[in-house]
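For this one, two forms of the same chain are given in structure tokens, first as structure 1 and then as structure 2.
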Structure 1
């Protein structure tokens, strides 16, 4: 997490959090919530025991944990249940999960809002869930002690049973809850004072218990946003303009659409939140009819200011901005790199780029909206209920406190569902028709209107002294600013040169753990790209591009000075000064990956090689230390085949080893997919790729062997959903260089680029 996120409004002190507001966003929205009667009460029968907002124990002994995090396949709901169960002493078979509404009482205990991302969830909820679980155990034990007439201190809690070994008496959780005697309440100070288990006492944390959501995902019963059915519901199909952002609708001719049976009306969005531009939604009785009607609409657009822009124009603009000495703001400024370059024995300079990338979760964006009395109900799988509820309110012209968000399982998130665009057509179609409306994007809508990973351009310059020591590094990062777009000041960070806030989610990772005495990182906003391709947080965000540049450059330096690139990294990770601790962990992780892959010991055929990279993703303060050795084969045509990825990651403490493996493997394959197979381009203001024929994530036949090695050294639990994404592309790029001497500096790495670099 960005350390600047949590401090400004003192949310940590506010344990009730009912009063918490995210802030007055640039859009003028204040986020809030009305305690709508009937929402939470319906979930909790009066006889349940609720030691905490996070879970309830029913008289039958079932423990239902309410997860305030979006579950998009990282099984976070199950993980929360696991942490609660550990301290509560419940049996895993008694655990259930449900997804929270946007009631602020379910806000993240650290972030003070409902947002899921940054690989933050486990690390930030570990303590709160543990304390909640422990509080329940204490309350149950106290009640059981009274009922049994024995001292509470002599009781043992295990498998949902409280027993008194001396007298052989015992009571199940169900017995205690049924008795109605478990009534102890806890103030925030009481909670803080609870002594939690030490790792050696864990019986559940660290165990790969079966994920609670998995059975429902093998039989079709898990309900995603797209599966919501409301009585009397209509369907909305979108027509989105040819330009990604900035188009306006001049006219809509619905004469042909009117001939489609079941057609209700076409609604041109009037989006005061400026989340969407130029969208029209065709509403009908079924989705097929809505789609037919949408296709029959004749819409004239004004393409707006971005209608002529292309990937090339965004990149040219990025180069122009980078060349200006006064553009951007400083994220890191140690020493004086420019002066050091003047006296350096050797200076290396290179430009690294990444293309636009699309999230494309398998479940296309969708939302269902229903106005009921004063309340707007939204059903959608969303990663940022706090802000998305406010956008929905903005689209409805309501105070946000009248919006209730019903969370669903997410058919993939990857950062895409942090955004709220899908709320706008659903809300305005429901408003215009007076009926509940479910809007479903086509894959084409979903791809061309993605809040994409921005096109990035980075210039890195390195200065070496006479001994080949890296003494200076300057790093300019030019991109759209995804987080600034949210309009929530607290998500921005002050720049070190006090020029104003910067979007650290464009430069995180560039503040690495290598010791370089003169080092600066400049975050430069590409306003043109920011406007033309509103960007979002794509799995791993900034470290997905900053480490591409850094880890490629570090390799280039090593080769330029005749050193082994892996050992050169070990040298740079000396743990001096501010890098103490982190550098050593990263070094150890790198060495582990090297050993496991047989780096430098395996003899490989011609055209094959290994390459390494190591990263401190996601953020300096919350890093999971991750290293990768990629083994590639490069054909004379330039085609790259990844034969094996060996990933090692130091996650501190592992709650669920099997889940960590699944996440790290998925993340590593994402990294590979972004490195080799995924590329979106802008032309005439629009994204050219529309479906999985032209935007082509990795398929089963392209999968290499992947080995994931988890290092759990007892440090605090860190996140695992993203870091491995960031380490793979540079490892592959470096392996390609080692195999055939071709240095490719643009992602994705194409066969043409490799071939061209082989010749060069």
Structure 2
């Protein structure tokens, strides 16, 4: 049994680590945790009141929730407010949101870090935010009971009002806050003892209330990183080397740049954090002049050790590593697949690959840096404030405690803003000029220097007994290790063979919920790819490639045994042993998708077919059960047209139905884009694709019909931002095979590849 995976991110926030405080200040009611810097001072010194960790209620009754998660269009700030409002009893019209800084008091109780990713946010914070809201309600109720002279147990809290039905007395939240009587301390045991609402009691959770961030985003008052303006600010434009990583600057000739009006200087980055290599930033009084100056610089480079590498050489190295019996570390080691292969009636083998993929969020990477005395201020939208603050500090030569990060709204993230490369040139340019500097990437900067999804190679071998039952599976996953690059030991997992830590974020999903008695999964680091293409976490992370291989192979096995691929999956999802609970939920989701799509009940034209896949993304411990039926049409040329995607997902408890549906739709379309259209290539050490003319995500004209079925069964809330990404590619690949008999094992699935497979 695979019990080794260390997933601190999958644990519910532990409120027992801190005592919850409710107190009053000059500006309102403060709610937060004790032993957090700033909270006790806020309670003792009203004149210095600052918003607390979770939320504050002002004398006018407005409730402001501080969101410690990056909001990049997924409305997570509004979701956090909705969870608080449910238990607090606040009126939605009184709710407000703001984004947290990098103050340590906002660190996650489990991770100890501010990070937004993995579809963890709602899952990890649902209970914590609910208990925060409930504690506030109890404190307000106690204060109101004393003020009205009635028993607290007889009070009703609804729509920001505390009322006593018997006496007809009532007080608004504003009244209670202004009275200064709301003060209460909750011990860890008190917090645990709070009885939260059951799903049948919800009045806010499960309702598609208006998103709190939409008005400010539509009227222009919401500030993104690119909107930052500071007095005396300069602008920086990048010149990046032709090699993705490892190049160094030999010389810079700025004679032509000096002729550009407003040019200040060219700064060659000396990045001790090793986030960047070979970068120069041209600084000028306007962005336009900075770009002109950057174009005028003449820079000589040493290409470094990766200057001759290509996608082909990375894959060749991956195949070499996979063929070595002692490569990598084991992520799963159940039974003895090798022995089972020796006695199997049939053995199938296949190699699956994925290409380099680029994040390309719409708001270009940007950061503004300003030194105020000994303090460095960074203004940027970021998904990993804890790590990014440390990188900014390293670039400045400061202790991280002297870095203040001002979190902005994010114009797209998808994992790209887990990294802090945009902060390095801003920091070093600001330090070199003595003025605030805003650095804005061009699209070309971002695409060629992205921390991309890694190129992967997977070898899957399956053994079947005489009855066509799957009895053994071995799965080798070869890739760069994005999470290891972060240098954070807690994000790595011990291998089951005790060889050392491995990057589970390259193999998650391979530990599936199918019952297979003999099962190995080996994680193999491609050091060459790791160095030449420093990789990051792209929306869906490892399940985006592991489920591509697993769900394609399951279909291949089903066809080899003459069984319907969907029903074959149902048989494998028997819920035995360690798979109990999870397998049943995944099976039910698959059946729901099949029923909604009419799988197996429709006679389709020649060249059209449906294909299925089902996944437990993101990780086994933090799964959202998701299934897809893809309906495709394949032309004689091999061109694939997706006519319809039917996605069913079990989210446990849904907070905001419309938002969940939107997230699932977006994730499914992202998955389709990766499946059919997106590919970046490495040549001579550099990424060849520089803009949307050569890197071609899904266009609006290629949109299929998308039908989503949300299964909300009252179980713990799960995440929805990424799981549907992982299920679409294999469903499409399986549908293509069902339509024309062409099995394509490389992403993206191109017309040429389909046509070649049709002829094979």
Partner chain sequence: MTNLNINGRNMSVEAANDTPLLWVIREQLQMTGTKFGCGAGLCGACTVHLNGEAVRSCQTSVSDAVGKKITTIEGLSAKGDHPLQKAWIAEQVPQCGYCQSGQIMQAASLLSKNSNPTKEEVVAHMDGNLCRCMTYSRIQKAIMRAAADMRTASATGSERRPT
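The model shown is predicted, which means the values in this text are computed figures rather than measured ones. Each form is matched to the other, and the largest set of C-alpha atoms that superpose within 1.5 Å is called the rigid core. Positions refer to the first chain, counted from 1.
Only structure 2 is derived from the form predicted alone. In a rigid-core overlay of the protein, residue 220 has its C-alpha displaced by at least 2 Å between structure 1 and structure 2.
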